[in-house]
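Two versions of one and the same chain are coming, encoded as structure tokens; call them structure 1 and structure 2.
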Structure 1
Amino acid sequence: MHAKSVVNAPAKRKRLRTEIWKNREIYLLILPAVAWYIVMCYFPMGGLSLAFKSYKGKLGIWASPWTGMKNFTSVFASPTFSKAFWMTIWINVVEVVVCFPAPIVLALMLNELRMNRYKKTLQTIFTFPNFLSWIIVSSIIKNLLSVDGALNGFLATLGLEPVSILGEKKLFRPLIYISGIWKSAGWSSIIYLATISGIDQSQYEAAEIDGASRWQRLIFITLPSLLPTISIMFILEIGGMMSGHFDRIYNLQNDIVASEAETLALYIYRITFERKPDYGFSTAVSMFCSVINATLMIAANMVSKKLGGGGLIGDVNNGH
């Protein structure tokens, strides 16, 4: 940049070219990845044009006729779409309120634990479920809660009536939240624990001398120090809002409760694999989701930077 006034443009371009030529091997190293991303990611992104087309199997994506906004008009007119949209919003709101704080609370609790060896064992236990697939986790949960599962066995020994949790519409969404916490809270708490371990210990010592209780130290030192990490995790959570939680809901649902938690991700899946799928329509819905996700991500990132919590995108980008 500084050289701009001194060196004229052609000379600069020439220097750049020699510079690039000198480092040509570095570009060869990224070539396979660039090729892969163009084919596997950017090509399908171009395929989003299908959202503005009427898909004809014979013609393929590129040759199918344009129909303008017709797909979007019918998407927004569809009652099942708007139901799925509001369901997605609602599930995510509850998710942010109930599930998002869980790993933070867990990290704080683990941090306050005084027995170090016990703490290590607990960490191993808490993080483990994250590495089980949703197929496995959902069948563990189904086995446990089914009519002849452990829970009902336990209720029977107490002389209580069996409950069919899996077939109860009202209980399905709570089940989704709880299973999410069960699987991932432990793993997500690691990141908060790492931040906590980086807090300057002299703050705690000073607070202790001033007579602050454990609880006060937790609320006034530990929690505020976690804020930057919390804001980054929050951005990530928001950025996947429209497409998240598919695995959990898909694997836990059954015919009785399916309508209770049909988010957009499940809606797209269902309409795509229907007997007579309308590819243009489905693509319009997924494009809608992608655009909302990206917008939320950028917005959350900006807000977080404004609030001084530190943004995420810049960090990923620069690594510094």
Structure 2
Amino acid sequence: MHAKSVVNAPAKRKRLRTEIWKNREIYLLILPAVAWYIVMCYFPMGGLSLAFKSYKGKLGIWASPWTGMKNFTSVFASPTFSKAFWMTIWINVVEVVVCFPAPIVLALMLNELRMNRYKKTLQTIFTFPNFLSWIIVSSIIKNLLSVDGALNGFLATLGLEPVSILGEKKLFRPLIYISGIWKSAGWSSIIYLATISGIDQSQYEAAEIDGASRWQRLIFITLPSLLPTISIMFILEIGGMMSGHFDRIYNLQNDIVASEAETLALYIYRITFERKPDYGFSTAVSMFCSVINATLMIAANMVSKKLGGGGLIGDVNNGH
């Protein structure tokens, strides 16, 4: 079998070259995207070697001396890193539990509307915040909720005492979750609405003839049809747990609530740009986050497949 495969190898390569030449226009179209990924995503990965080096500006990345696992030893011995790590885990676990179902629920609610014009208007309203940067969103929130903001101005007209929502540590995390839902739920719901629109309508017609209520049709037809999409989105969400939400937290935080928002993404930013830079240390933290993200994504993929929801990695490998 081995000898036969060796003999067939030149023939396979020839067929591959023939197919590439036959579809050369398509390959030319994707060439800029491939070149972009190589230059912007793969070449910079060489900088990960800084995690195992002591960076010297005069020597550059490649000539800086190797230090082995010294940077990782310093990372794991740092109490600040440990606090940021567990803060990241806690914030993102709650994020998955609270925020991840929001676009699914929104999509199901929009799908149940029968007034198309009203439905499209709501979709536009819910989708619009996604196109605002977190700088703009945080400015809106601060203008509304600050001590001299619109909310306290309204309370003053009623003769009530002002409230300091942005300066209250217990309220900062709920503010993160609520603002995240407001900004992204409408946009994410489009994916689920697209999946719902592809469901065979004969299933609903048959269920209606059999006497199924709208709630029963939603539970037994719509949700099972959404499960593969939910599984993929869940895997992607889990795969970015350790490095996400930097823009949101960075722009909404202030000195009073900073201790409630020191995630790893913010921690990497601070040790790189706000303190004496130690690029080897910060690169080690970043690499650690990437390894954890990859591990979580693989684990979420395996769990999803075990539960029958399909997977992302396995489906790609199987060509589905």
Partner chain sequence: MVKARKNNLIRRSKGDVVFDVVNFVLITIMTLLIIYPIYYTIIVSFSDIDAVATGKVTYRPVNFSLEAYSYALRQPRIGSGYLNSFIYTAGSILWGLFITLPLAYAMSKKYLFAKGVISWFFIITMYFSGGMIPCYLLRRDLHLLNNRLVLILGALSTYNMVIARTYFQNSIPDELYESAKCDGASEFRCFFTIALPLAAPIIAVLALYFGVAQWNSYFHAMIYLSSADKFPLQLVLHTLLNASMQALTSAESGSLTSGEALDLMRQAKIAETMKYSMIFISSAPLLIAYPFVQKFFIKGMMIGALKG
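All residue numbers here follow the sequence of structure 1, with the first residue given the number 1. If you superpose the two forms and keep the largest set of C-alpha atoms that fall within 1.5 Å, you have the rigid core. Worth saying up front: this structure is predicted, and the values here are computed from it rather than measured.
Note: the form predicted alone is the second of the two, structure 2. The two forms, fitted on the rigid core, differ between structure 1 and structure 2 by less than 2 Å at the CA of residue 251. Put the two forms on the same core and the Cα of residue 294 is off by 2 Å or more between structure 1 and structure 2. Core-superposed comparison between structure 1 and structure 2: the CA of residue 38 exceeds or equals a 2 Å shift. Overlaying the rigid core between structure 1 and structure 2 leaves the Cα of residue 28 displaced by 7.4 angstrom. Aligning the rigid core between structure 1 and structure 2 leaves the CA of residue 18 offset by 8.2 Å.
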